[in-house]
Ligand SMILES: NC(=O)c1ccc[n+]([C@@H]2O[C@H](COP(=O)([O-])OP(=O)(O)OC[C@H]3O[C@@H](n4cnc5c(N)ncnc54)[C@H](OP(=O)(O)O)[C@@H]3O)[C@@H](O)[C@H]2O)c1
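To begin, one chain is listed below as structure tokens, in the form predicted alone.
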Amino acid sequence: MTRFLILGAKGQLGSSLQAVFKREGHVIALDRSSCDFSDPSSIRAAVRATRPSIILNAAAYTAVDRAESESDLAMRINGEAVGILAEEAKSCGALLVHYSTDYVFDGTKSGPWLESDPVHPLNAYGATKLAGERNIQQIGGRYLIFRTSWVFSPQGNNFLRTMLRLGQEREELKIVDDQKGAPTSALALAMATRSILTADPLPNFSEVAGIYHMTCSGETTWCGFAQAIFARAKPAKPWAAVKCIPSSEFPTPAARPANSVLSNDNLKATFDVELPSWQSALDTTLTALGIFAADFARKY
């Protein structure tokens, strides 16, 4: 029986991975209390004690703005700890599946980003995630790095949940409209990962080791994402009005790329896997929350 070790078990992606993989083998899910990425000995102990066949690493420092003032901690978790995890995975012969970010790019390209495009992070978070990628590549072994973007789910801190809250608390929301990307649900990521790891026949993971982009299809802006959320969700009271603004009117500690759209062509070509559109993934997530308009109408 395949032994899956899921790290970052209480996060958005970790929770979805647990739900999706629970019938695929023996799943061991550890959160920060059992595997602390700020403590190298904790990582080594967790891998050696569980002896996994496959490691699904959803643990990360994800506070993009706070990383500007906590860059050392972010690097320890997103960069150095990932290198230690890669060493342990290689030592025990496990396949390491790691999730990275669109923020390794500077956003200056007009079209979708390819895996082969030059990387140039604009912020500390992106730099630390890039360091994690490079550590895995340097150590080698069997690994898959999936870069994704704008992750949302029914739980955790994410743009969807923030909009659902603020949209009921405020009369107007000003949302940035000059940053584009592909909102991607944690469930879609988990299901795509399962499709790859349970394919029949399985890929030769030594031969296909590398970086792949994995996002929902389509693109929008943060303002467009907010408008789609409010158009689909059934509110307790009318939603706040949405005003689209440029990034210059909403300064943040961390700079964001203007274009975060990733090309998924290599994922499709290598594994024959495609994620749903971001709109479809949004509908699924709102239904899970019980506030999708059509679902609300059926229930009430």
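Throughout, we count residues from 1 along the sequence that is shown. Note that the coordinates shown come from a computational prediction; the quantities given were computed from them, not determined experimentally.
Another form exists, predicted in complex with this ligand; not displayed. Remarks below refer to it.
Check your understanding: Taking the partner as it appears in the predicted complex, which of 121 to 129, 88 to 96, 223 to 231, 106 to 114 has residues with heavy atoms within 4.5 Å of this ligand?
Key -> Flagged stretch: 121 to 129.
Check your understanding: Is Gln12 a contact residue for this ligand in the predicted complex, using a 4.5 Å heavy atom cut-off?
Key -> It does: once this ligand is placed as it appears in the predicted complex, Gln12 has a heavy atom within 4.5 Å of it.
Check your understanding: Is there a heavy atom of Arg32 no more than 4.5 Å from a heavy atom of this ligand in the predicted complex?
Key -> Contact check for Arg32: yes, within 4.5 Å of this ligand in the predicted complex.
Review point. Can Ser263 be called a contact residue for this ligand in the predicted complex at 4.5 Å between heavy atoms?
Key: No - in the predicted complex, heavy atoms of Ser263 and this ligand never come within 4.5 Å of each other.
Review point. Is the gap between Trp150 and this ligand in the predicted complex 4.5 Å or less for some heavy atom pair?
Key: Because a heavy atom of Trp150 falls inside 4.5 Å of this ligand in the predicted complex, the answer is yes.
Review point. Honest question, do Asp36, Ile77 and Ser100 all end up within 4.5 Å of this ligand in the predicted complex by heavy atom distance?
Key: Looking in the predicted complex, the three residues Asp36, Ile77 and Ser100 all sit within 4.5 Å of this ligand (heavy atoms).
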